[in-house]
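The chain below stands alone and is given as structure tokens, in the form predicted alone.
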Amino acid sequence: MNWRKSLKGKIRFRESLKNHTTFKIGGKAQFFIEPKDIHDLKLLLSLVKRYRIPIYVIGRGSNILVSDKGIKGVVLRLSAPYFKRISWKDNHLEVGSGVLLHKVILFAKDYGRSGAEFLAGIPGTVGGALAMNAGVAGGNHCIGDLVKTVTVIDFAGNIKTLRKKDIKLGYRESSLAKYIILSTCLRLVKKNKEEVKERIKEYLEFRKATQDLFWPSAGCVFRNPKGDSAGRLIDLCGLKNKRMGDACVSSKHANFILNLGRSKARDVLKLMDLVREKVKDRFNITLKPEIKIWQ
């Protein structure tokens, strides 16, 4: 169909997805579409429904492994200015789903508001973070803790605002994943700007000290088993620096798989299979992926 005739936003054909994921891995998307506004998004949803075209939603692509064969269908990204608005309203932070997390943190700091500092260093968007209830290791802080409301649109084009009590929030998952997230209202507390700045610095320094940030990756590959750490189990299996092609288990954080330059998705998947097998054999624990695998 003629997308350009119908839609006002940006449309790309055969777009390489390795350029839109932090892993820097993956084939091409048949259609890569960035709607101009909510009306454009609704029209897109009606078109994909009418023509039965698969649709995938991407933010910063910080927790996605894309197949080397690419994606047949539409990859949707809400990156237009309409979806990246941020403001204060009734002493709460109103944020569009396309806003990068680091901009949320800095905006809050400039207004002397605290609560979101733990998100420092997570390379994602608000929408992606909400869908997976992103947070710090151990589950002590998650973005879901800050939520007052979330405005979403379903794949039939219906918009609704959900209160926190209407949302199921779990460890690296939420009931929001079945929607397209449009915006959220976050509760933050008033605090001295310098204190907020110092807390941001502490979280950034902790990530730098404990995570391998030099090579492309998708962050933690596996979910932590209840009461334990996936990274610890992988490390005890002696798998740090284990490679499959250019995919390599980090020597700093064993739950990170790094792209050392030209890794393919198949290399990462083979390495993930090996890690699961070794952890299962030694500890009788089956590790579950934290990253999303698009095949």
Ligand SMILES: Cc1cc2nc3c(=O)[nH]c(=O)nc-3n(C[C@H](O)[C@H](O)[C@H](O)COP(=O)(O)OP(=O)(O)OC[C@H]3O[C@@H](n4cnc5c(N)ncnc54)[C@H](O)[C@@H]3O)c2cc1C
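For every residue, the number given is its place in the sequence shown, counted from 1. Because the structure is a prediction, the values reported are computed rather than measured.
This protein has a second form, the form predicted in complex with the ligand, left out of what is shown; the following refers to that one.
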The ligand contact at Phe32 in the predicted bound form, heavy atom, 4.5 Å:
no
Ala131 near the ligand in the predicted bound form, any heavy atom under 4.5 Å?
yes
Does any heavy atom of Lys28 come within 4.5 Å of a heavy atom of the ligand in the predicted bound form?
no
Can you work out whether Arg207 and the ligand are in contact in the predicted bound form, taking contact to mean some heavy atom pair no more than 4.5 Å apart?
yes
The listed residue (Ile159, Leu106, Leu169, Leu213) that reaches within 4.5 Å of the ligand in the predicted bound form by any heavy atom is Leu213
Identify which of Val95, Ala218, Val196, Ala116 has a heavy atom within 4.5 Å of the ligand in the predicted bound form; exactly one of them does.
Ala218
Which is the contacting stretch out of 52-60, 223-231, 241-249, 259-267, given heavy atoms within 4.5 Å of the ligand in the predicted bound form?
52-60
Note that the ligand is not shown here; using its position in the predicted bound form, name the residues of 171-207 with a heavy atom within 4.5 Å of it, in sequence order.
Arg172, Tyr179, Ile180, Ile181, Arg207
